[in-house]
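Presented as structure tokens, the chain that follows is alone, the form predicted on its own.
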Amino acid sequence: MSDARPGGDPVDRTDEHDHTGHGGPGYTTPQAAIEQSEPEKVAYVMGLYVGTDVDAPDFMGVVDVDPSSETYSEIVDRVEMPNRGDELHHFGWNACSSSCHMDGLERQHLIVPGQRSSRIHVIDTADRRNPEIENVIEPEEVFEHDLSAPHTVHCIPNGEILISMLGDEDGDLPGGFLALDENFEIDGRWEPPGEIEMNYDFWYQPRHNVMISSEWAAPRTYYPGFDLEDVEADNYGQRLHVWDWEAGTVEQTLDLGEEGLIPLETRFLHSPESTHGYVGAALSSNVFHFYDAGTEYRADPVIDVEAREHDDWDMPVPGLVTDLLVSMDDRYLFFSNWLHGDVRMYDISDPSNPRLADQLWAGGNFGPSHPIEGEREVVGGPQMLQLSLDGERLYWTTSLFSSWDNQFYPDEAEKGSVMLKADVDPRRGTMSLDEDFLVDFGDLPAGPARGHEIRWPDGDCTSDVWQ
């Protein structure tokens, strides 16, 4: 297909994207997002029953995050999926700040894929506290393009949507990318088939005509759970792919080596002028800084989380860096160590030399099992992160992937996961746990559930891109 890629001049868009009096979605600049946004009042959070004894469909939870509300830290609505077994995972908006020049386009619809089912749901959030399913793309439509296992959802500037796909129709390699048009119908593959083998997350910087994607593994490899033999057999990724954004082709591949095993979440800085970014290598528990060195991209390890001895483990426990994000002002990098049980905050004023600013422990193998006195036990570790646009509130959930949860935190299937929050002081570079906030996914009508990715109605630090 020829029209699934964004078009236009990718290089110098400074004047084109001044957007004075813009009529499209999002904010004209990252600084405008900080200054003009209102504090978040609801959060949309993936909730899933896959891998538990509860026979119910997964859902999207609407969480009240307004401290002045009587239902603060409660799930006030649930949008149940029409089928069981989807394994809702990552999801995203139909439009973001990269489309702020598109008059009439609204950030109203969430694209919610099922990781295991390859079913793609479209949810209308016009009523923010009571969203509804509008459309469902069935797996057979996805398989027609020899793709499966949808993961990251990004809106792209022309109003279309791009989804990373981790496998082929049979759950093997290679993966690729699927494009949806503005009517939420499949537009075809975005890239020529065979450009990559493994896929996972991606982020693009249109002003520099670049996209960078990362690698997990074939769905057949990670679906059953984690096995060290798969690492030894090179069945997990360790590369970043640098794409020509306009052409949809790989221009460079960076092999991160043994220090970069399983590179997952990939984030450019928010400034559209920047070519700096970060990726967390989960298994090797490193964070890499990638950047344009002039003639090519490079990636250097800049943070190393050392493994720790544990009485219940036969080997040192890796931190397992599973999620990371950059604050909207590009000042701080936050990431989670799912197995250790801590969230870290780094000052990245110098992108190549991150400085640890603060660290907060909650759950995991080394953090307190009851981080909030009088509240329920936290049986997982910090995992998916989301930061308020003003950088003053950090939220996280504790589920990674159903089979991996059952392997490393088996009690979570019976007790459910939680959503926690830290108050952040960007001026001092500190975090403190909000002891009045705990969302209990273990206390739901159908039974305990797992909570995963988090989105705000007005955009967030892990999805908004600027031109």
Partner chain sequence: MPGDDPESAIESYSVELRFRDGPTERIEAPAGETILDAAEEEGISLPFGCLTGACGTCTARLLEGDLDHKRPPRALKERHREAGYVLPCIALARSPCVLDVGAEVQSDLVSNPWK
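Positions refer to the first chain, counted from 1. Worth saying up front: this structure is predicted, and the values here are computed from it rather than measured.
One more form of this protein exists, namely the form predicted in complex with its partner chain; it is left out here, but the text below deals with it.
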Is P174 one of the residues lying within 4.5 Å of its partner chain in the predicted bound form, judged by heavy atom distances?
no
Tell me, yes or no, whether R116 is in contact with its partner chain in the predicted bound form, where a contact means a heavy atom of each within 4.5 Å.
yes
Any non-hydrogen atom of F437 within 4.5 angstroms of its partner chain in the predicted bound form
no
For D244, is any heavy atom within 4.5 Å of its partner chain in the predicted bound form, or not?
no
Is its partner chain in the predicted bound form near all of G92, Y204 and F366, within 4.5 Å of a heavy atom of each?
no
Identify, from the list D312, E306, D127, D103, the residue with a heavy atom within 4.5 Å of its partner chain in the predicted bound form.
D312
Answer with one of A217, L339, L147, V343: the residue that has a non-hydrogen atom within 4.5 Å of its partner chain in the predicted bound form.
L339
Please pick out the stretch from 406-414, 422-430, 25-33, 62-70 that is in contact with its partner chain in the predicted bound form, where contact means heavy atoms within 4.5 Å.
406-414
Could you list which residues of 316-330 come within 4.5 Å of its partner chain in the predicted bound form, counting heavy atoms only?
P318
